[in-house]
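In structure tokens, one chain follows: the form predicted alone.
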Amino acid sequence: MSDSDSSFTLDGRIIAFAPGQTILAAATAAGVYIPHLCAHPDFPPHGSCKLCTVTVNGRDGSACTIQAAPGQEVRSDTPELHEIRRVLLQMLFVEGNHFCPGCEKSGRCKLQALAYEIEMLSPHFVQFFPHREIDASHPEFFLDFNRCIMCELCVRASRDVDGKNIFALAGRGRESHIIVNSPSGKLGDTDFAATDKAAEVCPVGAILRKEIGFATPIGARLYDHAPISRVDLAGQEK
């Protein structure tokens, strides 16, 4: 088998891939960063956030769901795609209530880190400022639905890894939201535990541990030391 049978071109660079790998997985393995939010190496591709949109042979698609194939011409690092990503991030910021300076997740938040990475300088759109409840019923965790970006990582982790189905996505369109599967709808009425995979996968500040707030000061955190492109390529998914 020749190299051309197991490689594609990404922004002019030859990227080798293994059978079944997606463009995102192959690029990451080759040390090339493609922005993403909902993709996670422990779960099957999902394709909900669209931050990993690339152009493949002239057509746009999600790098996390498109399988790598020989001879593909893939573009990711272009002004047009970066502008699409900025708009998507701006919409995520205004749809929820994200106040980074006062958030315990600041410096460890993938949404915030991506905004820095692709130079999102303002929210641009009018803020929705939705009214969303905070669930503090669990003894070890609280849920701040104001920060949820509906990436569904907690849903997939609880269902596919923990086998508990604690979280689910309900509603349609602007009414979409994450719910807790318990009679009361409260996290405290579930068997959610600190050892659950779902307890660690949230990329923003929607699922937070109690009693350890600001143990690591802002300025000394994961993405304070290095941009998200370098951190994720180093294999430190958080």
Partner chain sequence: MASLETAANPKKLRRVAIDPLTRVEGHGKVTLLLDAENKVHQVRLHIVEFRGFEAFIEGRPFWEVPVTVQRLCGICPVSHHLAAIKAMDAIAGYSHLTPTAEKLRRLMHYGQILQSHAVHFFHLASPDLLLGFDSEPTRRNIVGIAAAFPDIAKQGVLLRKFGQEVIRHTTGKRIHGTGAIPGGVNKALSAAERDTLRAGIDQMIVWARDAVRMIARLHEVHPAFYNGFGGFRANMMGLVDRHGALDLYHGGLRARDADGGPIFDHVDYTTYEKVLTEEIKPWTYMKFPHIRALGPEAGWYRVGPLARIQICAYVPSELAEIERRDFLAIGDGKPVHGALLYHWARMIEALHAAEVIRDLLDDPDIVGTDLMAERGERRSEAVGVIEAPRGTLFHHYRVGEDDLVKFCRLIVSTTNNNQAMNEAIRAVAAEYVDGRVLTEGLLNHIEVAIRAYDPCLSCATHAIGQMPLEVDLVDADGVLIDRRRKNFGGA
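This structure is a prediction, so every number in the text was calculated from the model and none was measured. Numbering follows the first chain given and starts at 1.
Unshown form predicted in complex with its partner chain; subsequent notes refer to it.
A heavy atom within 4.5 Å of its partner chain in the predicted bound form is found for one listed residue only; from 161, 136, 87, 168, this is 136. The candidate spot formed by 93, 120 and 216 lies fully in contact with its partner chain in the predicted bound form, as each residue has a heavy atom within 4.5 Å of it.
For its partner chain in the predicted bound form, the listed stretch (46-54, 63-71, 169-177, 203-211) containing residues with heavy atoms inside 4.5 Å is 203-211. In the predicted bound form, at least one heavy atom of residue 115 sits within 4.5 Å of a heavy atom of its partner chain.
Remark: residue 147 counts among the residues lining its partner chain in the predicted bound form, judged by a heavy atom distance of 4.5 Å or less. Among residues of the shown chain, residue 223 is one whose heavy atoms approach its partner chain to within 4.5 Å in the predicted bound form. Using a 4.5 angstroms threshold between heavy atoms, residue 125 stays clear of its partner chain in the predicted bound form.
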